[in-house]
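Encoded as structure tokens, the following chain is the form predicted alone, with no partner shown.
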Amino acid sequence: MRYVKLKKEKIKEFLLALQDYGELYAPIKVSEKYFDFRKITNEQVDEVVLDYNRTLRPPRRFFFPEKEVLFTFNSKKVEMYENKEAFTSEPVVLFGVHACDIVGLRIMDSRFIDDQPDPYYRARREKGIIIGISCLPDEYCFCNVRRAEFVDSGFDLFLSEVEDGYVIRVGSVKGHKIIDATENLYVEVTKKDSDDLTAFDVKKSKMFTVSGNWDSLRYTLELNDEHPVIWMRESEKCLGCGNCTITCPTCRCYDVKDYPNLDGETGVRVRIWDSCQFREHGLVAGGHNFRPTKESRFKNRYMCKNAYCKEVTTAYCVGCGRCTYFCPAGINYKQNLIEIRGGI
């Protein structure tokens, strides 16, 4: 793997250079507590935050939009016209993506590219550029027990913090081309930088509040399907708002709806995000609902997120902490999993 070093005083110049490769999005502070990936112009480069904890919305939205037109149709001519936006839009350069979110994107790839190829998602992903950055955990993080605190694939460039800058790992052909085109920004990596990286990793590992391996958690959840306390107690708190799934970096449920025009002949088919926490999610023909209660929907999310993604060899939950941090009902997903595991 190729390594170069970017000094801190060169960050702004680096960000400006990235705009040559597409629409640049990076984390900025949007309120007292929250950060989000927003489009960055020349005037906003100074607003980019490098040491944020988590963004309000996950990176998947850039490749799997909250709402998109799949195609337009004409019932009289029996014709449909593919939406070309995904194929013709500007590439997205996503800067400052944490390791857990990069794993999340790889999980999304496993469903929208490896499993059932989706042309819209694939077109955006193939054009996109992912630039990761190292981070330190807070009390909501548990990516370490999900094996998502470090990545060696799924990115084009990855910035790891050292004392006076960032060591950049190059992870793709696109990444090599960016480094080659901006080589005047970098210096060689030194032994001191290598020692700093090791010290950073040691510091990071000590900051996590849980340890071990949670790979077997899916079996524990299945065996506690009738847990005498947790499912009823926690689902009673739940508002059914779906915020946990909307902020999740790996949730992929969607609904498809047709919207006819007033002429009665033409219209559009639209795909929108859905949530397993919505009552309507389980409705099928005849009015039957295969998850009629809030408890059944709540339990399903825990089972789904902790299932095994064989393509990425980890759980569908990457331990980012968003579902707890942004839950308006104060449901602590991480603590609930600890309780189900027996307090370990």
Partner chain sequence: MTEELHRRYIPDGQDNLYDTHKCRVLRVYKQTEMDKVFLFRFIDQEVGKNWKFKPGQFVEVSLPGIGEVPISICSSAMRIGFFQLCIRKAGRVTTKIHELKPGDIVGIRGPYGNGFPMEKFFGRNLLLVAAGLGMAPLRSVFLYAIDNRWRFGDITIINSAKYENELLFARELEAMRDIAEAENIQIIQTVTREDSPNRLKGRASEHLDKVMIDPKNSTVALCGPPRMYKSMFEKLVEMNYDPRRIFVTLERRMKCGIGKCGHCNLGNSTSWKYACIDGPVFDYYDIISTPGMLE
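Note that the coordinates shown come from a computational prediction; the quantities given were computed from them, not determined experimentally. Positions refer to the first chain, counted from 1.
Beyond what is shown, the protein has a form predicted in complex with its partner chain; the following relates to that form.
Q: Choose one stretch from 204-212, 136-144, 179-187, 117-125: the one whose residues place a heavy atom within 4.5 angstroms of its partner chain in the predicted complex.
A: Going by heavy atoms within 4.5 Å, the stretch is 117-125.
Q) in the predicted complex, which of the listed residues (Leu56, Leu50, Leu283, Val45) lies with a heavy atom within 4.5 Å of its partner chain? A) By the 4.5 Å criterion, the partner-contacting residue is Leu283.
Q: Heavy atom within 4.5 Å of its partner chain in the predicted complex: which of Gly154, Gly242, Gly96, Gly165 fits that? Just give me the one.
A: Selected option: Gly154.
(Q) Can you work out whether Gly132 and its partner chain are in contact in the predicted complex, taking contact to mean some heavy atom pair no more than 4.5 Å apart? (A) Output for Gly132 is no: heavy atoms all beyond 4.5 Å of its partner chain.
Q | Partner contact for Glu90 in the predicted complex: its partner chain, 4.5 angstroms, heavy atom | A | Glu90 lies outside the contact set for its partner chain.
Q) Do Pro228 and its partner chain come within 4.5 Å of each other in the predicted complex, heavy atoms counted? A) So Pro228 does not count as contacting its partner chain.
Q) Even though its partner chain is not shown here, does Val78 get within 4.5 Å of it in the predicted complex, heavy atoms only? A) Because a heavy atom of Val78 falls inside 4.5 Å of its partner chain in the predicted complex, the answer is yes.
Q. Within 4.5 Å of its partner chain in the predicted complex: all of Phe71, Ser172 and Asn300, by heavy atom?
A. The answer is yes: all three residues contact the partner (heavy atom, 4.5 Å cut-off).
(Q) Heavy atom within 4.5 Å of its partner chain in the predicted complex: which residues of 190-228 meet that condition, in order? (A) Heavy-atom contacts to its partner chain in the predicted complex: Arg218, Tyr219, Leu221, Glu222, Asp225.
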